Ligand SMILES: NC(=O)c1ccc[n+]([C@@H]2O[C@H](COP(=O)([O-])OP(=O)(O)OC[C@H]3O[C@@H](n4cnc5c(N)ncnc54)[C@H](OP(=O)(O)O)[C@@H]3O)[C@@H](O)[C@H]2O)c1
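Only one chain is given next, in structure tokens, and it is the form predicted on its own.
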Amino acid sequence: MLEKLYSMNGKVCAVTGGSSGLGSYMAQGFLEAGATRVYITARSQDKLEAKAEELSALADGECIAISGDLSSIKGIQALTNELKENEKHIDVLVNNAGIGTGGLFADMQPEVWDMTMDLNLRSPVFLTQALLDLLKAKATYEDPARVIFTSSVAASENNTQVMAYSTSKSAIEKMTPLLALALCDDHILVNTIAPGAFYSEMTRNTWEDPDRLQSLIERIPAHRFGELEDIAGVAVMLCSRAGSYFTGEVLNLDGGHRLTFG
């Protein structure tokens, strides 16, 4: 029973921001759970192709690199067109690409605010819209398609240093149940994962500094950073039979971070 519950055999997935960190962890989880093909996207072609080769070697499924810039509608359409050239349907879309910005409110620039909102909020919304035909193509109430958004523990915090970033992630969490309702009749389930501190590029400045790392770990109730298995396990659960009755939910994956940092 357990093997069937968490199986992704035959699934076709797309993961944005998949060349490193959380996106690559989820892509690896899908492949090791039996996915047939996992497309990963990012802007750096060399880094992306290296990650696709690495992940393809870990399982029977294939990891395929598609480079592009999703900060623009043009970039979204280019990715959509390439996926439609290669696939008749997609079972899973993970909207993970994003940008972390911060600083004092007095120094915040309009272009930084706009860039943060474009990549963290507008892009995943309109990529989902652009891929609706592929998501609906094979979805049924017994085996629905899945859309996952990546939020952040920052959405639960009141940290003025990351105003644009936390606002964009809060908006993703607010949108999750609305989009879940909008797509339920198409047999598409929509959920969001809100990670806390993980080993990723966005947190590199913290985990490469032993003093900063130890200070943060001491304040997190779980007393550790999140690792590959933590987010891969949740993503596989949401996208397999085990998670087929979840929709419109925000899953806080933070080791209790939000309980002490709010």
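Residue indices: 1-based, along the sequence shown. On a predicted model such as this, the values are computed, not experimentally measured, just so you know.
What comes next is about the form predicted in complex with the named molecule, which is not displayed.
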* Name the single residue among Asn159, Ser170, Ser71, Gln77 that comes within 4.5 Å of the named molecule in the model of the complex, judging by heavy atoms. => Ser71
* Asked: Is there a non-hydrogen atom of Met202 within 4.5 angstroms of a non-hydrogen atom of the named molecule in the model of the complex?
  -> yes
* Asked: Can any non-hydrogen atom of Gly61 be found within 4.5 angstroms of the named molecule in the model of the complex?
  -> no
* Does Ser44 make contact with the named molecule in the model of the complex, using a 4.5 Å heavy atom cut-off? -> yes
* Going by a heavy atom distance of 4.5 Å, is Thr192 a contact of the named molecule in the model of the complex? -> no
* **Among 52-60, 28-36, 193-201, 232-240, the region lying within 4.5 Å of the named molecule in the model of the complex by heavy atom distance** => 193-201
* **Partner contacts in the model of the complex for 74-100 (non-hydrogen atom within 4.5 angstroms of the named molecule)** => Asn96, Ala97, Gly98
